[in-house]
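The form predicted alone is given below as one chain in structure tokens.
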């Protein structure tokens, strides 16, 4: 069965979608079967995977509304993984499903139909805490939190951990934080180092050793509809996300071994 991981942070601009796209691509390069689920109506993860969001025949919206089976809505990207895409149609879904019984579990039930076909399912969440985001958090086993090393980000992190605790208690007892990823990292900055030390003290082994540096090529890649590894594979950003994927796989093996 697939490992299903949400990339989430209630603060915007922290590299959430960048992480979702580039982690999916890096896992695929490492020969894993990957599905990227875009749960943000901006559709940036869809576009960043080289898929035109406005040309989608079916999207995650159709799946959440029960209009097509999930297999029908999945698109194969040319960058090594599959995508359940999103566009602005997703913005109207919340009202449409608000009165449904089991509305928080629609995505989970859909993913159960196809999870055996993948090793990893990466869910890119919107920064807002909506019913759509609740659907995502109810469907996954763990949350990867990308964050910048700045004090405002620490405040947002506290809000997110409270949200995760509430979802765990009310909807998804298996939900846990699988890792915290430092993004846009600049080791020359004293504030970055200070916040990084606080994260190490608080999260311990859940803080990834890998850090994602500030990198111009990484910022340019989405405009070309490509993950960084296909845009500039020798860049620091590409190397960092490959390292993150490898670290994730290593931690997964250790966890499976400890559960054996």
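Just so it is clear, the model here is predicted, and its values are computed rather than measured. Numbering follows the first chain given and starts at 1.
Beyond the structure shown, there is the form predicted together with a small molecule, which is absent from this document and is the topic of what follows.
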**Request:** Considering only heavy atoms, tell me if residue 14 and the small molecule come within 4.5 Å of each other in the predicted bound form.
**Result:** yes
**Contact flag, residue 229 vs the small molecule in the predicted bound form, heavy atom cut 4.5 Å** = no
**Asked** How about residue 219: is it within 4.5 Å of the small molecule in the predicted bound form, going by heavy atoms?
**Response** yes
**Prompt:** Can you check whether residue 225 is within 4.5 Å of the small molecule in the predicted bound form, heavy atom basis?
**Reply:** no
**Message:** Taking a heavy atom within 4.5 Å as contact, would all three of 18, 184 and 215 count as contacting the small molecule in the predicted bound form?
**Reply:** yes
**Message:** Can you tell me which of 206-214, 189-197, 30-38, 59-67 lies within 4.5 Å of the small molecule in the predicted bound form, counting heavy atoms only?
**Reply:** 206-214
